[in-house]
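In the form predicted alone, a lone chain appears below as structure tokens.
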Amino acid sequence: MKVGMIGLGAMGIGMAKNIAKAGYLTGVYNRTATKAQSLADELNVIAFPQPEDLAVNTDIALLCVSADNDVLAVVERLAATIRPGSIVVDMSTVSSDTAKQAAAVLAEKQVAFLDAPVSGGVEGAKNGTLAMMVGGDPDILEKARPVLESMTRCIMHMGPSGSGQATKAVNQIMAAGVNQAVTEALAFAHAQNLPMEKVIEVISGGAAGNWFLQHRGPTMTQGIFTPGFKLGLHHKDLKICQSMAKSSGVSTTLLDMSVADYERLMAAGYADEDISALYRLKVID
């Protein structure tokens, strides 16, 4: 099974390395050609000059790009040369409507499409422990599963096209809520002059313990915001969630608050920091 990877950002590089380690990766493509060539040399695969070249030389094309328009643009280019019977798997975070549009474009070429966004951040991509939520034909998922398992710890089929992206929207809203709760609680602990390392350790072992507190609490309380998941990207995802929520009439109180807080931080130049930079707005020295 020949696999090509499109999009070599912080997530895509980790994914590509794990796919190569499993023996499936044939080649890569990235808009910055030097980045693609560097990784291709490291992994001993092909750096394809264009998406069209990758499409015609692989059985499965994997995408991990930044935005809805980027996904649709890449899909249109793949559709120009891709062979019938191929599979395209999009691991970007975009709207459900974008996933459905991509599926329709590829269906005209007798090509299957899975929307398969992931959760787990840069660490998960690097360690091959991502959680993947998939929309599309379950039989196609089974064909692609050996490849997808090389970079995940959990793969869940959620329903027809668009269902994977809808599930990822749930994840992103929940991540925003956890971020709000943890940063505000730790700012409160700071104001009470408590020993922060001990606060994080004891609460991590109880009912309020969570991954974000355990892994980001120690760094945020030291003013370290090296990105696992960039604040600017989460803001982009939450704007998608706002649009989806508006169309379905769902309450967005926490979502709107998080978008507004992120915009304050982005205006101050913190878009490329980890989402735990929200702590900057909560703590008062």
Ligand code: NAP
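Numbering starts at 1 and follows the sequence shown. For clarity, every value in this text was computed on a predicted model and none was experimentally measured.
Separately, the form predicted in complex with the ligand exists; it is not shown, and the next lines address it.
Visitor: Q37, S66, T252, N57: which sits within 4.5 Å of the ligand in the model of the complex by any heavy atom?
Guide: Spelling it out, the residue with a heavy atom inside the cut-off is S66.
Visitor: Note which of L186, V118, L78, A169 lies within 4.5 Å of the ligand in the model of the complex, where distance is taken over heavy atoms; exactly one does.
Guide: Of the listed residues, the single hit is V118.
Visitor: With the partner left out of view, is E42 within 4.5 angstroms of the ligand in the model of the complex by any non-hydrogen atom?
Guide: Judged by the heavy-atom cut-off of 4.5 Å, E42 is well away from the ligand in the model of the complex.
Visitor: Would you please decide whether G228 lies within 4.5 angstroms of the ligand in the model of the complex, comparing each non-hydrogen atom pair?
Guide: G228: contacts the ligand in the model of the complex.
Visitor: Under a 4.5 Å heavy atom criterion, is N179 part of the interface with the ligand in the model of the complex?
Guide: Residue-level check for N179: no, no contact with the ligand.
Visitor: Can you check whether M11 is within 4.5 Å of the ligand in the model of the complex, heavy atom basis?
Guide: M11: contacts the ligand in the model of the complex.
Visitor: The ligand isn't shown here, but in the model of the complex, which of 236-244, 42-50, 218-226, 254-262 has heavy atoms within 4.5 Å of it?
Guide: Stretch with heavy atoms near the partner: 236-244.
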